[in-house]
Every structure is written in C-alpha cells, then in structure tokens.
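Here you get one chain, nothing else, as structure tokens; it is the form predicted alone.
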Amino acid sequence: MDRAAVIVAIDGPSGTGKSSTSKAVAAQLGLSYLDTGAQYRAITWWMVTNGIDITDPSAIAAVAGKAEIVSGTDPENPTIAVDGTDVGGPIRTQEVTSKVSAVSAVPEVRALITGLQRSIAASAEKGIVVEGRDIGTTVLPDADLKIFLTASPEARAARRSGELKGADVNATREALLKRDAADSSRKTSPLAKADDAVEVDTSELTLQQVIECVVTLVEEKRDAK
C-alpha cells in the first residue's frame, strides 16, 4: 500500500540533535531528507572562496544568485555541491561556521535559498524531512508536521564539543548562545518555534529516544492523512 506523502519540518538551534534525528527518521520511513543549514553554509563557503566582504550585506546581496547549489536528498548519503564541486567537507570548517550567520541574515540570500528549499520539498514524491531554523515558520508553513527540538545550553554544548573532538565545552556553549542570539534576532526569518509545532526537549533523551519519538509523530500524521 502506498503511504501518503508527508512533509515534516524540524527546527531548532544547534546541538539539539536535529541532523542526526532528521536523517534517521527519513531513512527509517523512506522519506527524502534536506539539511537546509548545509545550503547556507554552502553559499557562505562560496562567498569566502570568492573573496566577498562578509561584513557588507550589499556586497553579499549583489552576488547571492551566482552560486549554483545542488542538494542530494538521500538520508543515507546527503550531498551538497556548489558549481559542481562537492563541498560537504569544506562547509564544516570553523571559518565558514563563524561567518554563516552574517551571510544567512541577508534577505536576498534567504529569499534565494528559501525558493530552492521549497522546490526540493515540492518535488519529493514520497515526502521529505526538512531540517533548519525557519522551516515551520517561513519555508514550509503548510508542512504536515512541525517539530521544534530544544535542549539546555549545557546539553547542547556537551554534544557539540563531543562532535568537535577536544573542543572546550564552555567555549562551545558561548559560541552556541552567540549563534542563537544572532539567528533569533535577525529581521528576516528568525529562528522561532511555529505556533503549531510540537516541542521536544532532548536534554535528557538519548538520540534513539528522540528518533523514536519523532517517528511516532510522523506515523500518526501519515496515518491520519
């Protein structure tokens, strides 16, 4: 029996388990997967590589449409390419991480990437899990299911410093809170929980428990369609 296609929006700040949860849920349920943060990292990488002044929003806006960003939506092997070059590794560098908030705050960049995200979601035949910071509020306000993952700053810092092997937990916590402030206060599409989103606090949960929780929510939504 063919299951109804379902569009799932998963939002939340860094370190809440968004990516790991979204990929696992998509793989388990046979859905496509889109990491929208990787797209903003990709355009930031392009800006840095091409010597664009990241402190000048008008300079960023002027060239926002020049990079061709292609996202692979297989949850088992998500890919991201810019102008035909695989940038899965380069976009995770500290240089890109430190600049992505500034680039993604530029309205022209957000409009461009949002359009790309909507077209990818619309073309996902079996449905898709889309993760980011403004999916339920801005990109896909009509998503079938919206989930907002949250966790204490301490839990998030511990996870993120674990991912970054040997990183200082306190420094990581400060960096996360700084990123939260930047993302939550930007004028265009700030990080926010949609009114109709289900909030899941992952502070005390294992990754597997979070995945099971989200899978259950998706299954319920799919069965109701």
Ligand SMILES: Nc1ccn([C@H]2C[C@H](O)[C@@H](COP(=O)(O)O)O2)c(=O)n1
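Just so it is clear, the structure is predicted and the values come from calculations on it, not from any experiment. All residue numbers are counted from 1 along the displayed sequence.
If you look for the form predicted in complex with the named molecule, you will not find it shown, but the lines that follow are about it.
K.L.:
Based on heavy atom distances of at most 4.5 Å to the named molecule in the predicted complex, which listed stretch, 102-110, 121-129, 140-148, 78-86, is the contact stretch?
P.N.:
Selected range: 102-110.
K.L.:
Any chance Arg186 has a heavy atom within 4.5 Å of the named molecule in the predicted complex?
P.N.:
Yes, Arg186 sits close enough to the named molecule in the predicted complex that at least one of its heavy atoms falls within 4.5 Å.
K.L.:
Is Arg179 one of the residues lying within 4.5 Å of the named molecule in the predicted complex, judged by heavy atom distances?
P.N.:
Yes, Arg179 sits close enough to the named molecule in the predicted complex that at least one of its heavy atoms falls within 4.5 Å.
K.L.:
With the cut-off set at 4.5 Å between non-hydrogen atoms, does Tyr40 touch the named molecule in the predicted complex?
P.N.:
The answer is yes: Tyr40 has a heavy atom within 4.5 Å of the named molecule.
K.L.:
What are the residues of 121-139, in order along the chain, with a heavy atom within 4.5 Å of the named molecule in the predicted complex?
P.N.:
Heavy-atom contacts to the named molecule in the predicted complex: Gly132, Arg133, Asp134, Ile135.
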